[in-house]
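Starting off, we have a lone chain in the form predicted alone, written out as structure tokens.
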Amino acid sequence: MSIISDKQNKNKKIDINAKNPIVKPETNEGDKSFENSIRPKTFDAYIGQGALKETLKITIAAAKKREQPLDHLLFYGPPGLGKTTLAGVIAGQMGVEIKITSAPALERPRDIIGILMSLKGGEILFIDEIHRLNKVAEEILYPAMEDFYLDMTTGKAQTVKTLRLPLPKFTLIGATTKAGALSGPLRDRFGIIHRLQFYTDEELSKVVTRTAGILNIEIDKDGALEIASRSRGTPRIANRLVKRVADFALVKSDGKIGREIAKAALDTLKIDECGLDMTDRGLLKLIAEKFNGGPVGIETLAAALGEDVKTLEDVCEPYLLQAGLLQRTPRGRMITPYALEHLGLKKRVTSAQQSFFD
């Protein structure tokens, strides 16, 4: 597997819970080497996304029979669900090399041109965060994806000439958390588009057990399920929690992870039964106690919490919305009855909220 160095240090995402990033699905520096060591290499080892795996198996088998590269693929969905891992599995099943980069690293035309010209027949190019690809790089990709040609110009002013350089047939796999941010022409050039789903507790329990086995950590079924239930449906978070709970078990017990040890460790980390950390609960309590449950504007919440609006929208809200703890309305954010029950707070319903709570 060939990996192209990117420039992520210049494009780090803001983390509103920097002191405790355990339950944030975005990758961090500590995840990279760890994830590489536990990533599955085959579909049998890859847990979850059952419907997608069956579709890909058929697609790969057909491509092999035709002796042609795969169609270009686009994977989208929340971070931490295994898009990069899945691309590596596809490359392994096809028996080809994969080159990995991210869109923010392709700042200049020569970056994308250099990568495309280095590809060999049948190889896979994986571009993470492809929705952040700049317009110049995107325009270069169009003929490369469609006709496997690279359009270049030489000379200046009246001596400009256009050259079409042939490229070996390759497969582009794009990954994004914001499929809607992709331009129509780019999105239409992908032959296969799939959304990755959140994992069930049972699937995450298998992920936890597999990771613990690789790390030589003893864990029972109940302990794995306890960790899985607080992992927000995201394998990346589950893998982080395995390491943290294993540390706790080693110091406080005999090193074996059972339900009680897992529960005690996660309670110590301030991660509750819904997978919420202190920041999530702080946001919900702010809406409930200071703004009577809402509706309240996102700008007001950002100012009250001392956070950036974009950070709240991209980092904190997605899981709260998906879990049914927060509601977006035309007038602002509202806390849900389920969230009030989870936080142990009483409903204080205003006339503006009556229809919602009814």
Ligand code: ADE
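Note that the structure is a prediction, hence the values are computed from the model and not measured. From 1 onward, residues are counted along the sequence shown.
Just so it is clear, the following notes concern the form predicted together with the ligand, a form of the same protein that is not shown.
- Contact with the ligand in the predicted complex, defined as any heavy atom within 4.5 Å, is confined among 234-242, 171-179, 123-131, 279-287 to 234-242.
- At the 4.5 Å threshold, heavy atoms of Val315 stay clear of the ligand in the predicted complex, well away from it.
- When the ligand is considered in the predicted complex, Leu301 lies well away from it, no heavy atom lying within 4.5 Å.
- Contact annotation: Pro40 falls within 4.5 Å of the ligand in the predicted complex, judged by heavy atom distances.
- Although the partner is absent from this view, Tyr199 contacts the ligand in the predicted complex, with a non-hydrogen atom inside 4.5 angstroms.
- Only one of Leu52, Ile47, Ala323, Val296 comes within 4.5 Å of the ligand in the predicted complex through a heavy atom, and that residue is Ile47.
- Of the listed positions (Leu106, Leu141, Val207, Ala91), a single one reaches within 4.5 angstroms of the ligand by any non-hydrogen atom in the predicted complex, namely Val207.
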